[in-house]
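This document opens with one chain alone, in structure tokens, the form predicted alone.
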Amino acid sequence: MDNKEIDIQAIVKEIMAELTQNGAIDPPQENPSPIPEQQQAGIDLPDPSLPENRKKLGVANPYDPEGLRNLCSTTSARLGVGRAGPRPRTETLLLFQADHAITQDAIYGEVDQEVLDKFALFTVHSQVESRVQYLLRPDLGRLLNEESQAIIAERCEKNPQVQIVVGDGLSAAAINNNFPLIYPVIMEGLKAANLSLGTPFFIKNARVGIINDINEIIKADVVVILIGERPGLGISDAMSAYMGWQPAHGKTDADRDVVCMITMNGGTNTLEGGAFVVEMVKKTLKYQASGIALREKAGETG
């Protein structure tokens, strides 16, 4: 403690002693009695994350209550939450903070090894070295590191019609919650269509564009990546299925198709999502195109 801090403390003590001597304040108690329980401050609110409370209207005396309820029922956006003066209501703020915490868990979480083991998926890595770098350098998430390139070259079937890969993306929860449900649907559908399938695997710290780098090695006709979407304040476990015809370096989102918002929590359920993926793969193989090119070819042929 330096001399400046000591001097300030001495001055404070001197002032407090003078105020006590003059009767301006009561002398400090050596053993203050505890505050009675009934006088202690506290917050007693219902759990704002429960379904009945998430959709609870916070606007006091709305002009059209029924209209406001109908509007709020059409979206997961935060409508009709009300306010306390210029500030959000306590329930609204607590729900926002709870949802934000869930999104952080999704972004920084890990895909359960049990999920990968259940479907015999081995793991490879992008060029990202940490989760912080993953968020700052999307370009590195689109490329495999050298070790992973060698592993894929050694362990994967070459030249299949369809290659399935899994990436954590921006939500590990999306893979943990949805992949075990959607993967069997996709595999059964592709097998029923008599399509040759590659060796599936998992990519840590993956971005969608990594399918270009993967297919430089595997040379599949169609590559599908099941990947976690960016979590939102309300749904944090949504998964997307991106796919492209013969992905290669230089191809972009314009060359891909996607089935998005696959989740059991208010999006496309995994059964329907899996069926959509299978149909999109079959369509891609039929026209030998994806993305904008697929729209053009499918439109030309009716």
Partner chain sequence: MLLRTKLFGKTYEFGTIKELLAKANEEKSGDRQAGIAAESAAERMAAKHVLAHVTLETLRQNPAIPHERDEVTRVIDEGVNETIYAEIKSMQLGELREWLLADTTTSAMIRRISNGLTAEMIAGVAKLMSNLDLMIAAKKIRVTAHCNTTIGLPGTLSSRNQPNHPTDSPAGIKASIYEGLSFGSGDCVIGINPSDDSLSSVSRLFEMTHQVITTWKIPTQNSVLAHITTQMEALKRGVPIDLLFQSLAGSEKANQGFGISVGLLDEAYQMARKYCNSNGPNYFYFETGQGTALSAGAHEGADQLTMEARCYGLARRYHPFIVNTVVGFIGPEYLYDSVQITRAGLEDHFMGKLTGIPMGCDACYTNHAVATQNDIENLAVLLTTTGCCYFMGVPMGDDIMLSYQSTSYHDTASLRQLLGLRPIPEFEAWMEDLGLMKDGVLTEKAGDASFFLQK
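Residue numbers count along the first chain shown, from 1. We call the rigid core the largest set of C-alpha positions that still match within 1.5 Å between the two forms. The model shown is predicted, which means the values in this text are computed figures rather than measured ones.
The protein also exists as the form predicted together with its partner chain; that form is not presented, and the subsequent description refers to it.
Heavy atom contact within 4.5 Å of its partner chain in the model of the complex, the stretch among 190-198, 74-82, 177-185, 217-225: Selected stretch: 74-82.
Contact test, all of P46, L116 and A172, partner its partner chain in the model of the complex, heavy atom 4.5 Å: Spot residues vs its partner chain: no contact at all.
Option touching its partner chain, based on a heavy atom within 4.5 Å in the model of the complex, out of M264, A248, V59, A275: Answer to the contact question: V59.
Residue (of I107, V128, C156, L121) lying close to its partner chain in the model of the complex, criterion heavy atoms within 4.5 Å: Residue within 4.5 Å of the partner: I107.
Distance check, L68 to its partner chain in the model of the complex, heavy atom within 4.5 Å: L68: yes, in contact with its partner chain in the model of the complex.
A98: touches its partner chain in the model of the complex, heavy atom cutoff 4.5 angstroms: No, A98 sits far enough from its partner chain in the model of the complex that none of its heavy atoms falls within 4.5 Å.
Residue contact check: T103 to its partner chain in the model of the complex, 4.5 Å heavy atom: Within the cut-off, so yes.
Contact flag, A150 vs its partner chain in the model of the complex, heavy atom cut 4.5 Å: No, A150 stays farther than 4.5 Å from its partner chain in the model of the complex.
Contact set, 272-296 vs its partner chain in the model of the complex - heavy atom within 4.5 angstroms: Nothing in this stretch is in contact.
Per-residue C-alpha change between the shown form and the other one, R87, threshold 2 Å, rigid core fit: It does shift by 2 Å or more.
C-alpha of A254 moved at least 2 Å between the shown form and the other one on rigid core: Superposed on the core, A254 moves its C-alpha less than 2 Å between the shown form and the other one.
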